[in-house]
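Here's a solo chain for you in structure tokens, the form predicted alone.
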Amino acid sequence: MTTSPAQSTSAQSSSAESSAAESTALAEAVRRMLADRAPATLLVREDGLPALHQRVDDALNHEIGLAGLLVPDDQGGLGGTLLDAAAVATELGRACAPSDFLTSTVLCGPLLADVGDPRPDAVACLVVPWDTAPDGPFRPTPGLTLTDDLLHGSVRSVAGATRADVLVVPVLLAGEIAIATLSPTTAGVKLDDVTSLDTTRPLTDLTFDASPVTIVAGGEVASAALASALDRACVALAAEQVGLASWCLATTVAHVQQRRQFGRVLGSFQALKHRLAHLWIDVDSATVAAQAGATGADPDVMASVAQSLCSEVAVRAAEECIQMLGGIGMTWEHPAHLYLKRALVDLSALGTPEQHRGRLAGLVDLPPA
């Protein structure tokens, strides 16, 4: 029986609607969990962040069951889509919650599956600095050397290493990129916590002193897996930034609707109306860009489009939030400062907007001015 073009288009549309509905339901489940487990009253207590981090990830991985979300089901994972991951990341950004979801579930889970070493239930960490820019072919950290399967050197400011079960290290082997893995408890591995501006995403300096590793892939397989992993992470980070910006916008609007000055509600002042209207347009545009990155073709192009826009919108939204909240926005007890700090750190986490626009110029064959 031959399927007509109209029937094929209808089937694709139905499948897309079903996938979107599943992602929406997943986002709602994560939002409810975060409202219960990671309220703002706990978020502002820095001494309780490690326990909060553990509680959030336990709920994501075991209660909601998102461990191995992006690992194919024939490799022991859930076979989820990047749209699913983006939905979860948006809610984590909205709550500014500490979690290894981006660094482990999105970045490392499918990467290990792509190189034939799936570990859907493990907390994994990609050992690259948390300012890695996908501006072309991936280049391993210069400070690392591999001799006779023994790793030497150090990497500064790595995200996601604090609670990792496995470290995933890109190295050079015979002049080509290779993927090596090892445990944080392996001989010669040293982890030192770093004081980061964003306390909700801990950073770690890692040092390797003749640490034995296992090479799981090399050559084109390793290079392609790393490139895909970074593009996926860029899209998920963009979705997180959209969630962050959405919270800032909603919090600001709620404040100006009830706060009064000079006998009038703040929201009645035309200057504030205009600023919030512009911010709403920015956040809506960023939302569309992040969704396009999660669902569209040309993943490398759309990843850089999303990052070049969403990272700047998140910073702008956080700055406007703190300014329009007035005095309360400057207090340590209000979570607004945490959103600004995360937005500022994420601005360059996987490449600055300028780096992504430069990358885009090459990808679409449009020489920069």
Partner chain sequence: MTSAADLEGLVARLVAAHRPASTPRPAFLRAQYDAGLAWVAKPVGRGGLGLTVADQATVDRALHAAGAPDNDPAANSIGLGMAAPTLLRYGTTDQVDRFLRPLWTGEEIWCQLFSEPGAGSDLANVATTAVLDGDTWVVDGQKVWTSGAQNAAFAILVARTDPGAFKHAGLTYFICPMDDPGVEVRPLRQITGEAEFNEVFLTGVRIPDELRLGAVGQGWEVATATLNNERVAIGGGESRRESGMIGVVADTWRRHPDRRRPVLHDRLLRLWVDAEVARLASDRVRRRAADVAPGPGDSAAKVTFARIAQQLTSLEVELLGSEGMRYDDWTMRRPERVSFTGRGPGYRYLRAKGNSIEGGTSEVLLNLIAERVLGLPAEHRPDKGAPWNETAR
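Computed from a predicted model, the values in this text were never measured in an experiment. Residue numbers count along the first chain shown, from 1.
Quick note: we don't show the form predicted together with its partner chain, though the next part is all about it.
Participant: Flag this candidate site as yes only if K190, T199 and E319 all have a heavy atom within 4.5 Å of its partner chain in the predicted bound form; otherwise mark no.
Facilitator: No, the whole trio is out of contact, none within 4.5 Å by any heavy atom.
Participant: So which stretch, 181-189, 283-291, 237-245, 212-220, is the one near its partner chain in the predicted bound form (non-hydrogen atoms, 4.5 Å)?
Facilitator: Looking at the partner contacts, the answer comes out as 283-291.
Participant: Note which of S154, Q261, S268, T145 lies within 4.5 Å of its partner chain in the predicted bound form, where distance is taken over heavy atoms; exactly one does.
Facilitator: Exactly one residue meets the criterion: S268.
Participant: Heavy atom within 4.5 Å of its partner chain in the predicted bound form: which of L309, L66, A343, A336 fits that? Just give me the one.
Facilitator: Filtering the options by heavy-atom distance leaves L309.
Participant: Is there a heavy atom of V256 no more than 4.5 Å from a heavy atom of its partner chain in the predicted bound form?
Facilitator: Yes, V256 sits close enough to its partner chain in the predicted bound form that at least one of its heavy atoms falls within 4.5 Å.
Participant: Does A174 make contact with its partner chain in the predicted bound form, using a 4.5 Å heavy atom cut-off?
Facilitator: The answer is no: A174 has no heavy atom within 4.5 Å of its partner chain.
Participant: Does A20 reach its partner chain in the predicted bound form if we count a contact as any heavy atom within 4.5 Å?
Facilitator: It does not: once its partner chain is placed as it appears in the predicted bound form, A20 has no heavy atom within 4.5 Å of it.
Participant: Test of understanding: in the predicted bound form, would D205 fall inside 4.5 Å of its partner chain by heavy atoms?
Facilitator: Close contact is absent here: in the predicted bound form, D205 is far from its partner chain, nothing within 4.5 Å, heavy atoms only.
Participant: Select from 295-313 the residues with a non-hydrogen atom within 4.5 Å of its partner chain in the predicted bound form and write them out in sequence order.
Facilitator: Contacting residues: D298, V301, M302, V305, S308, L309, E312.
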